[in-house]
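Take a look at this single chain in C-alpha cells; it is the form predicted alone.
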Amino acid sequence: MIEKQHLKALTKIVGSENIYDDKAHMIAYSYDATRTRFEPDAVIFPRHEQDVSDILKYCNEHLIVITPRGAGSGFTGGALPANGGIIMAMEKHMNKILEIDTENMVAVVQPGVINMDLQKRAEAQGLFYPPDPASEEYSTLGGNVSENAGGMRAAKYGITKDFVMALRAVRVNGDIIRAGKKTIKDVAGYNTAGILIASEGTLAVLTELTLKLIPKPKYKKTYMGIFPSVDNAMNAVFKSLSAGANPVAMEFLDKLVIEALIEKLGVDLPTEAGAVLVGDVDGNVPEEVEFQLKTLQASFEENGASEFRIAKNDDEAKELWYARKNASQSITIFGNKKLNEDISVPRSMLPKALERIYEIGDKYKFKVPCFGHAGDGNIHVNVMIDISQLDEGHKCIKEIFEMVVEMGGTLSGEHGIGTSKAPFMGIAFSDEEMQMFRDIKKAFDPNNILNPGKMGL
C-alpha cells in the first residue's frame, strides 16, 4: 500500500485526474495476456516527458517501485506490477505521432502510439512500417520496442530493433537521455538505444521513438503450400530461401493445428495434410512477384508439396490467411490451458527441432500443436494441458528450452522474458552472463525500483 504522502506528492506532479488508487483501476491494470494478476498500489498517467522525469526522480528518492506499461498485451508478464508499486501508463496522453518525415523516411512517435495507427499513417504517405506483431491492432510502439516485437513480416523485413533509429528515455534519477540519430550511419558513442531495446522497461522509461520507414511495395500476392509432413514443410522453408526466395512472410501450421482448424472452424484444408506454409510475397514490379512465386513453388514441390495455391484477389488472400490467423483459438480443442512459448532456432534446424518437440510432448503425454514464423525460425510451441497438470507442463517446457538452446536457439523470439520465462534464464545464459545483465541493471537503476524481477534480474 502506497503511503498517502506519496500519492499527494505525485498528484502535484500530474494532477488529480491523472493518478488513481481506486479498486477499479487496480484491477484493470493488474493483468496482461498471460492472465496472471498482480495489483499495483496506484496508476499514474504522465502527460509528457517532464512528468516522467519528475515521477521517476521522486519514486527513486523514496524507493517506490515503478512499472512502465503500454497496452498490457504482452505474453510474458513484462508489464505486470509483480512487486506492487505504481503502474506508469502511457496510453492516455503520450500517444501522438509527432512527425512523418517523408524526406528522411522516419516517423517520430510517443510510446503510447498503437502500432497499426503508425502503419496507416505511413501508408497514407506511400511509406511502410513493416513490424507487425499479432497484437498490431492494439499494442503500443513503446511496448513493441521494450519487448523487441516481431511479427509475420519478419522473414523479409526483420523485427522492431531493425527499425529503431533513435529514442528518448528517462533514467530513474530523472535524467532525460537521447540515443541514436535520424542519420542512417551513427557510430559515435555506445549503442545505448540497442541496450534499451528489449530491456522490458527495466533500465529506463521510453518517451519518444524515431522509427525507420521504407517505401511501400506496389504489388503483393499470397501463397499457400500443402505438405504431407512437417519434415517436408520445414525442409522447404530453408531450401526455398537458399534458392533465392525472399517472401514477406512464411507461416507454418502443423498437423494438429490443421485438425483443430477443420474440426472447430471448418477451414478448407485437406484432412490428410501434415503441414501448411502460407505467406505473402511483394515487389515493385509484377515480374519480381512472379519470380518469388515460381521460386517458392519449385522448391515446395521438390520438397514434397502436394498442392501450391496462389490467391487471385484480396478475398482469396484473406481465405488463405484465415487458417493462420485463427490457429491460436482453434487449438483449445486439445486442452483447457496452453503453455505458449515462442522458441527460435536457426532455420536449418527447424526439421530436427520440431521432431524433438513432438518427442518431448509424447514423453509427457501432452499434445503440442505448433505454428508460427517458420521463415525466420520462430515457432509458437503450445503445450496443451489441463490446469491440474501445470507442474508437468512446466517440466515439459523446460526440456524443450534445453533442447532449443543446445541447437543454438533462444528461449524467446519475440514475446520476451518477463516473469513467466525468468526461471529458465539459466538455461540460456551462463552465471557470468547473468551477472553482466545484473551489472547493467545496477548501472541504470541502482535502487532496483524500475520493473524489478523481470528477466530473472
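Each residue number is its position in the shown sequence, starting from 1. This is a predicted model, so every value here is computed, not measured.
Beyond the structure shown, there is the form predicted together with a further copy of the same chain, which is absent from this document and is the topic of what follows.
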Of the listed stretches (302 to 310, 83 to 91, 214 to 222, 333 to 341), which one has a non-hydrogen atom within 4.5 Å of a further copy of the same chain in the predicted complex?
214 to 222
Sort through Gly77, Pro369, Pro111, Gly151 and report the residue having a heavy atom within 4.5 Å of a further copy of the same chain in the predicted complex.
Gly151
Pick from Met105, Leu320, Met384, Ile360: which residue has any heavy atom within 4.5 angstroms of a further copy of the same chain in the predicted complex?
Met105
Mark Lys181 yes when one of its heavy atoms lies within 4.5 Å of a heavy atom of a further copy of the same chain in the predicted complex, and no otherwise.
yes
Whether Ala188 contacts a further copy of the same chain in the predicted complex should be assessed with a 4.5 Å heavy atom distance threshold; does it?
yes
Ala24 versus a further copy of the same chain, in the predicted complex: is there a non-hydrogen atom within 4.5 Å?
no
Could you confirm whether Asp175 comes within 4.5 Å of a further copy of the same chain in the predicted complex, counting heavy atoms only?
yes
Each of Leu203, Phe429 and Leu457 having a non-hydrogen atom within 4.5 Å of a further copy of the same chain in the predicted complex: is that the case here?
yes
Taking a further copy of the same chain in the predicted complex, which residues of 190 to 207 have any heavy atom within 4.5 Å of it?
Tyr190, Asn191, Thr192, Gly194, Ile195, Ile197, Ala198, Ser199, Thr202, Leu203
